[in-house]
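Shown next as structure tokens: one chain only, the form predicted alone.
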Amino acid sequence: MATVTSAAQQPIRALRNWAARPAVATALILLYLAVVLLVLRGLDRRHLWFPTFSTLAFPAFVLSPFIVMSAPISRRLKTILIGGLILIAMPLVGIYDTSYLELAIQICIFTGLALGLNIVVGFAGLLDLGYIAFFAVGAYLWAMFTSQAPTVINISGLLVPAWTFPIFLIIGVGIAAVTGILLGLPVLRLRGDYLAIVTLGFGEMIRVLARNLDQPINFTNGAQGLHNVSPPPIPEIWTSFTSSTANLMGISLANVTPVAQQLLFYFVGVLIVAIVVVVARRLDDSPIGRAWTAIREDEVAAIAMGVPLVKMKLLAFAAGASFAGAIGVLYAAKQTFVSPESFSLIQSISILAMVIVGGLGGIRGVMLGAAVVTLLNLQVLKNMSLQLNALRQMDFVIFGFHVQNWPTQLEPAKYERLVFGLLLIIMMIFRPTGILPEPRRRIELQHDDVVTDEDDVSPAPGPMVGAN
């Protein structure tokens, strides 16, 4: 039986070894990218099955950088391919269909937030359920100083010009970091569930404060939100570049300005994510990262080894919050509207789910988790509903069933939270370390499983003292 099994596995092993050759792997990756890009270029929104084809093709394109990173090819070639995908291919696809560019911007936003939360939860082991509060701080910072709403800042003539956007990105980092320190001070002695409850209350406090800070002095315009938030100005050369690129692709843009604006936001988002990745990686490989790991594993042992617990915890909160502050400024400028409803508890849970799904404590895994969950929420489920509606209008029949009779209450887009829950349950059962776990974290969990199995084995009973 073993001989038959081994013989059956030999072709698979041979194919795997063949694909592991750098030249073959490079050819397969280039073929994969070419097919995906050709499919995206050939999609037609007027086609009946466009939502389904788009759901298959665009996620395959978005996840291609992770495929390249895991391929057995040289690091230099990986850098070239990933850089070409992010800086060239994605903007071209976005010019062809701006909905894809919008999805890419949202992925950048949530990736930055997930990486920031990963520092607090994954690196330092501090469960933070109010992380969305730092995102709100950055968003309201830019919105209050540029919105045309009747706030005290607008009435006093303190609005800032749109060209100060890069400056406010830096200010948002500082203000959010200070807010993170203020949150960390009262929770230094807490851990586990108690820490989660306090941070949850802090996040809700920021949201309620934003909703009620319209009286007696109007700072946030209350539940109505801040409207007409200024986006950053678009250089004329950037508009000309967008128009020229569209003409080269044979695309006629009726209005170039919105597309140029979206491209600008995309590149700003990519730049912020790149900076966050570099900083997070350097922190993880530094003495600070090792101190966070010690705190995550055992605070008492960390203190005994001389780790400054207070300083390291405050630094973790400040570092994670600073990333969210910069992303919040970008979000407010892009949306041009900010309201308290955008910063609810469910948003914090969603970001935490991205970290868990991708792989707690890992940088690459968290980025993958953010991309997967964002695509699931903003494209896959919504496209499934669009496909059902298109088939319903055509009175399409599948195996004798009229799609027109499908109840509207069962549209997939209405069950985002249910899918979240099922996804987390499946992950915890079959992949508790995440889709792409961080190696050290995977080893730790495997060690914990071995220790648990050894503890479950009760020792054999020995002879009783005094027995004959």
Partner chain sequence: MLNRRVRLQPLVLFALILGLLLSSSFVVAQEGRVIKIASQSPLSGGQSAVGVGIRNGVELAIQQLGGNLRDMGFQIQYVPYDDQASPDVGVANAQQIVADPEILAVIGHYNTGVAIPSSEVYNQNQLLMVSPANTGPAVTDRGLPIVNRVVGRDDLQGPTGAQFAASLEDVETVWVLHDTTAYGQGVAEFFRQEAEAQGLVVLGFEGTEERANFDGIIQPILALAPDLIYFGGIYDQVGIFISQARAAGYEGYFMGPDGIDSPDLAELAGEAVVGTYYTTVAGPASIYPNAAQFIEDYTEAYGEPPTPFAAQAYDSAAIVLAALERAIEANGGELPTREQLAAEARATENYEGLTGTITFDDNGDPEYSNYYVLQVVSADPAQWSSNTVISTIQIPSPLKAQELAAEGEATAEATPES
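Owing to the predicted nature of the structure, the values given are computational and were not obtained by experimental measurement. Numbering follows the first chain given and starts at 1.
FYI, the form predicted together with its partner chain isn't displayed, but the following is about it.
The three residues A89, Q261 and L378 all sit with a heavy atom within 4.5 Å of its partner chain in the predicted bound form.
Contact with its partner chain in the predicted bound form, judged as any non-hydrogen atom within 4.5 angstroms, is confined among 384-392, 366-374, 139-147, 170-178 to 384-392. The partner is absent here, but in the predicted bound form a heavy atom of L33, alone among A57, L33, V403, M69, sits within 4.5 Å of its partner chain. With the partner omitted here, the residue from N154, S230, T239, Q347 that has a non-hydrogen atom within 4.5 angstroms of its partner chain in the predicted bound form is Q347. Put simply, G250 is close to its partner chain in the predicted bound form: some heavy atom of it is within 4.5 Å. Its partner chain is not shown here, but in the predicted bound form it comes within 4.5 Å of a heavy atom of L37. At the 4.5 Å threshold, heavy atoms of S243 stay clear of its partner chain in the predicted bound form, well away from it. Proximity of A413 to its partner chain in the predicted bound form: non-hydrogen atoms within 4.5 Å are present. Taking its partner chain as it sits in the predicted bound form, the stretch 331-358 comes within 4.5 angstroms of it through a non-hydrogen atom at Y331, K334, Q335, T336, F337, S339, E341, S342, Q347.
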